[in-house]
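Okay, here we've got a single chain as structure tokens, the form predicted alone, with questions on binding and movement later.
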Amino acid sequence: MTVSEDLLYHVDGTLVPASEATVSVDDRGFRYGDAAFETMRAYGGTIFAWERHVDRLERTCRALSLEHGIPAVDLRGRIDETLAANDLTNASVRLSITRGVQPGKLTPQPEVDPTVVVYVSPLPRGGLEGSSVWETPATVRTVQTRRVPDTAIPANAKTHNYLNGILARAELRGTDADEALLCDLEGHLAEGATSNLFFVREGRLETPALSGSVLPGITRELVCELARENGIEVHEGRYTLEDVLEAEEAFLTNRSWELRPIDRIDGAGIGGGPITDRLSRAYDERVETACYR
């Protein structure tokens, strides 16, 4: 029996065992990836940066013209109910909203009866007394798959359509890498398959700009804020692989990893360093203050 089979998921207002949780094969989230989602972390029973996640979720829904009509307080209630039912306080939380079942045509209908699913799974405690979900720094490889341009699919929309990242990760088969690094169509670095990229040069924090094909990660946003609060200069720009290979430090961010140092990119060693450590500490302090005190 897997861990998930012991869990309860929240499906359209009802808690059900994970092994019995289903949606219709006619659901547009299944058929077309026509759905929005957010992956969050619960620390001590509190959803960290909840307001930021809600804002991004609504931006995604606007990009999809998906007017689901469910108040944020209702969505939060479903999340809290799912955590309580599974007796989890430190967990990964995923909230998905699809356009639901509609007539079998590609064109979306304005009337929506959404499908709403909350998934949870246990994670270690975070904050100053916590431990990382990753055991080792990341080994990264650049891939041939290119990031879908913002003019094709809005980069700020976090949708169920993850084929771009799947193709990128598939290129890692047979290698020792655990994250793929994608470039845009012009060959500039964009992001990892499920992460944002940061690196340090001459004491300055650098990261690909959101004006490119980059998902505005919540952890990315917080790291930029924490850097500025700690007197670290932040620069957002367009970079090549050579820029990162010349860096003094490099790390990846996402909600589950938080800050994860990069050990190697395409076999070249980089590693973390004092600024990575300083920002990781600042992030842990923010989590501790917001969720455990």
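Each residue number is its position in the shown sequence, starting from 1. Because the structure is predicted, anything quoted here is derived from the model rather than measured.
Not pictured, yet referred to below: the form predicted together with another copy of the chain.
Peer 1: When the contact criterion is heavy atoms within 4.5 Å, does Arg147 count as touching another copy of the chain in the model of the complex?
Peer 2: Output for Arg147 is yes: heavy atoms within 4.5 Å of another copy of the chain.
Peer 1: Could you tell me if Tyr9 has a non-hydrogen atom within 4.5 Å of another copy of the chain in the model of the complex?
Peer 2: Yes, contact at 4.5 Å.
Peer 1: With a 4.5 Å heavy atom cut-off, would you call Ala209 a contact of another copy of the chain in the model of the complex?
Peer 2: Contact with another copy of the chain, no.
Peer 1: Can you check whether Leu64 is within 4.5 Å of another copy of the chain in the model of the complex, heavy atom basis?
Peer 2: Leu64: yes, in contact with another copy of the chain in the model of the complex.
Peer 1: Would you point out which of 100-108, 200-208, 133-141, 75-83 contains residues with a non-hydrogen atom within 4.5 Å of another copy of the chain in the model of the complex?
Peer 2: That would be stretch 100-108.
Peer 1: Which residues in 141-177 have a heavy atom within 4.5 Å of another copy of the chain in the model of the complex?
Peer 2: Contacting residues: Gln144, Thr145, Arg146, Arg147, Val148, Pro149, Thr151, Ala152, Ile153, Pro154, Thr159, His160, Asn161, Tyr162, Leu163, Asn164, Gly165, Ile166, Leu167, Arg169, Ala170, Arg173.
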